[in-house]
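Below you will find one chain, with nothing else, as structure tokens; this is the form predicted on its own, and questions on how it binds or moves follow later.
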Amino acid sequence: MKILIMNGSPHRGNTWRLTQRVKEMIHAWDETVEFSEVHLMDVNLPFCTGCSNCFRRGHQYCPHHEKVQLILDLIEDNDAVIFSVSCFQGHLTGIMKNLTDHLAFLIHRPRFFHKKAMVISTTGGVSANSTTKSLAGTIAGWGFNKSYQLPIVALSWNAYVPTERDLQKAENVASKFYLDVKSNRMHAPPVWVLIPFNLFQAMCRPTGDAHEFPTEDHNFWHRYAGMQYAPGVPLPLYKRLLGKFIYFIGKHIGKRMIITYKKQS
């Protein structure tokens, strides 16, 4: 089992300390787990410019493609990811938000369907839960199969020592995360994830037609033709039927929707 730990904080403070304790717990349960780390501050990813090349032409045309591809490859090479992200004003840190901006195209062209995640955040006061919930929702849109959240109120400015209660909570969440990754079990996606998967697939046409606004989406979705979700991920009957209904709606919307684009100078 290979787990990537991604430090989405600008330093290695309270949240990173708790993340290291989680790492130690998992290693105690299974010494064969291989951990790797990436610190977003060290990646030096420039701000997303909003050029929309990733949407229109493909993420390989991003002006920061080399650094973005590094992150994509790291996620792809691991079975799961632990996201360690401090709570900044009730939300993600700037460097983590910048990464999610660069990877926003994954909402249109998801992958990582067989990956699982754990999102850890600490706060000196409140809103660690809104931080973990925000990132968990984002990566579900990227395709992540399951996310476990560990928000902790540290009541500390960079001098956090996890309490027994915090460690017990961390152990409970980490245990569920570890056992789920180890099991290789796939979970059915929630309805709100099914909606964009089937809508985008239905609304895309093959590149080269008379469509006014061809995008890389049109080259992507043919691989899932006739599928309500990605191969290998189970769908109960009612979700398969719902997916087909969403696809039907998307086909009708696509016939009437005209998207225009003007390159900004």
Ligand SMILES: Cc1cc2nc3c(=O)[nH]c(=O)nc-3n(C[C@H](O)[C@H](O)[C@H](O)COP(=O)(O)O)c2cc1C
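For every residue, the number given is its place in the sequence shown, counted from 1. If you're wondering where the values come from, they're calculated on a predicted model, not measured in any experiment.
Keep in mind that the form predicted together with the named molecule is missing from the display, and what follows is about it.
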Quick one: Phe112, Ile139 and Ser147 and the named molecule in the model of the complex, is every residue within 4.5 Å by at least one heavy atom? no
From Gln89, Ser175, Asn184, Gln168: within 4.5 Å of the named molecule in the model of the complex by heavy atoms is Gln89
If you check Leu135, Ile82, Ala154, Met96 against the named molecule in the model of the complex, which one has a heavy atom within 4.5 Å? Ala154
Could you tell me which of 156-164, 191-199, 98-106, 72-80 sits within 4.5 Å of the named molecule in the model of the complex, going by non-hydrogen atoms? 156-164
Contact label in the model of the complex: Gly13 to the named molecule, heavy atom within 4.5 Å: yes
4.5 Å heavy atom contact, Leu179 to the named molecule in the model of the complex: no
Select from 112-150 the residues with a non-hydrogen atom within 4.5 Å of the named molecule in the model of the complex and write them out in sequence order. Thr122, Thr123, Gly124, Gly125, Val126
